[in-house]
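Let's start with one chain on its own, the form predicted alone, as structure tokens.
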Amino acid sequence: MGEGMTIKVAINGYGTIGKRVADAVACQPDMEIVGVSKTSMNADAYIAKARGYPLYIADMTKRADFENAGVSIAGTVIEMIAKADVVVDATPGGIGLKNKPMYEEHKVQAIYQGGEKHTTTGFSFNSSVNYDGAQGRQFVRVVSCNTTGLVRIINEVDKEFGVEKVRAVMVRRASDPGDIKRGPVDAIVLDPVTLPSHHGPDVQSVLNHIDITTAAMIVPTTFMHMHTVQMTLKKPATREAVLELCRAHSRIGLINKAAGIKSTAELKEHMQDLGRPRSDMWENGIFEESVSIVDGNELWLFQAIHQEADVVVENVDAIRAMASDVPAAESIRMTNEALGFVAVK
């Protein structure tokens, strides 16, 4: 797509991720939302209406459910994607694969989320690592929230010091704040019991040379995930050198000691106080005090990952990578600037 052209974007699946990506796309100077889709009437449909997004549905027999509730329907999902240059598929995991023949038939580019397997697209995306590799592709997968967070910090450290191996434990939230289907919980659940977890191979779908082993568990909270990350480095490093890498990356936020933040709940409230939309944290939240170098070449740190938000900016960059000539650094700058990115401090 040439310079000055507007990229027309459709959001197939207007839920937790889809509604955030829609708002992020809508504020970009080179993009516009041509439509969003839902399968059933709920509160999110009212939000789409309030935002002025044309709403499409797959099953027109449900049209009356929406219109009786005061929400107009613009047409079918197929009519929506016919208007788009790029479709962001934010449907539940597994549904995206079923949608693929539809995108192929209509020759539209599509971006999938981390709930789909790498094999669905053959290309897993992170804007800091392989932005150029997405250019011109019909299908791209933005990796999951946990993988996005791991890839960002591992890649920066690897470029500077070389990473011999990574060992990480993900302490995962039980559900998103608005998801009550699982009900009240009172447990720490191994997810999975078998080791290692799937997160390591997912990181390797972007950074295939990294030796990484991961484990994961679910705890009864809704705000964010927390990672304990240990990297064995190929070259000796200092704590200050690692902190400088973090400061230089626009999507790695350092939480300093003076802030007094020691939990995901406090960090989420800080995002709210910063005026972030939906209290979202798009960057890794690395606790500055936790960054430690042991025996000269072993790096340890804690990082908080907002499961609803960190992939949002990656989706925006993936749209540009696939459908424009804008280079990586400029896309990241444009995305952050349009969102009013204020650093985590």
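For clarity, every value in this text was computed on a predicted model and none was experimentally measured. For every residue, the number given is its place in the sequence shown, counted from 1.
FYI, the form predicted in complex with nicotinamide-adenine-dinucleotide isn't displayed, but the following is about it.
- In the model of the complex, at least one heavy atom of Q113 sits within 4.5 Å of a heavy atom of nicotinamide-adenine-dinucleotide.
- Mapping the unseen interface onto this chain, N12 counts among the residues with a heavy atom inside 4.5 Å of nicotinamide-adenine-dinucleotide in the model of the complex.
- For V311, a non-hydrogen atom is located within 4.5 Å of nicotinamide-adenine-dinucleotide in the model of the complex, even though that partner is not displayed.
- Though the partner is left out of this view, V163 does not reach within 4.5 Å of nicotinamide-adenine-dinucleotide in the model of the complex, counting heavy atoms only.
- Residue in contact with nicotinamide-adenine-dinucleotide in the model of the complex (any heavy atom within 4.5 Å), chosen from R173, H227, R251, K268: R173.
- The partner is absent here, but in the model of the complex a heavy atom of A58, alone among I47, V291, A58, A26, sits within 4.5 Å of nicotinamide-adenine-dinucleotide.
- Exactly one of the stretches 83-91, 207-215, 191-199, 122-130 approaches nicotinamide-adenine-dinucleotide in the model of the complex with heavy atoms within 4.5 Å, and it is 83-91.
- Taking nicotinamide-adenine-dinucleotide as it sits in the model of the complex, the stretch 198-226 never comes within 4.5 angstroms of it through any non-hydrogen atom.
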